[in-house]
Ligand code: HEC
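The chain below stands alone and is given in structure tokens; this is the form predicted on its own.
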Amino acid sequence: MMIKIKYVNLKRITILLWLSLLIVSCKKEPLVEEELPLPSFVKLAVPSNLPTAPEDPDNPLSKEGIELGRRLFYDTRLSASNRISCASCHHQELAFTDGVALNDKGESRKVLHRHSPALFNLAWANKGLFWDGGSTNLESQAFAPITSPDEMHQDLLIMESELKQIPDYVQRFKLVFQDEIKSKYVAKALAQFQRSLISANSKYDKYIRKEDNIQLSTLELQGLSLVEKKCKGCHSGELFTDYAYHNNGLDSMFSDEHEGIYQGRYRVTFNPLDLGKFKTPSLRNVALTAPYMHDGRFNTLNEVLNHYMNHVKVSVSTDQLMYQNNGEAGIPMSIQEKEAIIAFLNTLSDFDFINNKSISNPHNK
């Protein structure tokens, strides 16, 4: 009996040992998360005569993110028909404007009601985007043209699906955002590229920085003095804009047609004092970005100056900066002063910027 009991116990122990070994051998090794490579984070290289560029902690700039944004900016997959890209309305050779007053290149082929704005020095544009400030930042701004029926009219889910068919994009999004392709990352990448578009290498800039022994002519220097005296209220600082909103006397009546698009900043704030106020564009590259104003109504700089001289319209919201004619509306200047101002404005053209291959279409290579 004792021998039998010992045998049974030994048999039981053997079975338990075998089961334990089996369980151990079948147990899965703990999963080790693959460490993804990180993007190379960068700070904007800002010329010495420009203010320090603010950083966006929610969308930090990286070398790879800027390049991804550049590729998306020129990619027609962002539109429903795959024929329109951001660059279709923002041409580098025109400082990322399109050279027409109101374009009809969108999916609906309808004429838009706003002039395509220039795209540069947007890293400092923290008071709203669009002519009326209807978008608070570049990330949110991107969704408007992409989804607008009259512009790119793209379905965001379809856009994601199309981009996921491109292995190169899958890899780039994974590196930059540590995630798969999503529309929010498309907007972030586009914003990174646009923030990198810094223009400050014009003749004027080189003169200010004392580079290459560049000098301004007597006429250009006179124009600089006149701009500082007559225009700096809105076109302030080395960025030549306050990024704020002003009624510069273009109209005295403000129709509520087309969802109030002619009412300017008022359609965002509903403050009657904001009627007819539109965002101040930079004077940089102004000789390259005709036509002018939010609706492209003026074809030349001479027409713009004639407006300020003789055609400022008065309304309750007309900016006080427009009253420079002994308290009356208008900004007086002689023919010779107009010539000097235009001569100076031409010194603000940044030809290095509009010919910079690092911000041009990468898909043409």
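Just so we're clear, the structure is a prediction, and the values are computed from it rather than from any experiment. Don't overthink the numbering: it's just position in the shown sequence, from 1.
Separately, the form predicted together with the named molecule exists; it is not shown, and the next lines address it.
In the predicted complex, at least one heavy atom of residue 250 sits within 4.5 Å of a heavy atom of the named molecule.
For residue 301, a non-hydrogen atom is located within 4.5 Å of the named molecule in the predicted complex, even though that partner is not displayed. Among heavy atoms of residue 319, some come within 4.5 Å of the named molecule in the predicted complex. Not displayed here, the named molecule is kept clear of residue 188 by more than 4.5 Å at the level of heavy atoms in the predicted complex.
The stretch in contact with the named molecule in the predicted complex, judged by heavy atoms within 4.5 Å, is 230-238, chosen from 214-222, 230-238, 199-207, 174-182. Of the listed positions (163, 275, 286, 123), a single one reaches within 4.5 angstroms of the named molecule by any non-hydrogen atom in the predicted complex, namely 286.
This chain appears without its partner; in the predicted complex, the one residue of 80, 293, 94, 268 with a heavy atom within 4.5 Å of the named molecule is 293. Every residue in the set 85, 106 and 333 has a non-hydrogen atom no more than 4.5 Å from the named molecule in the predicted complex.
If you take 150-183 and check each residue for a heavy atom within 4.5 Å of the named molecule in the predicted complex, you get 150, 151, 152, in sequence order.
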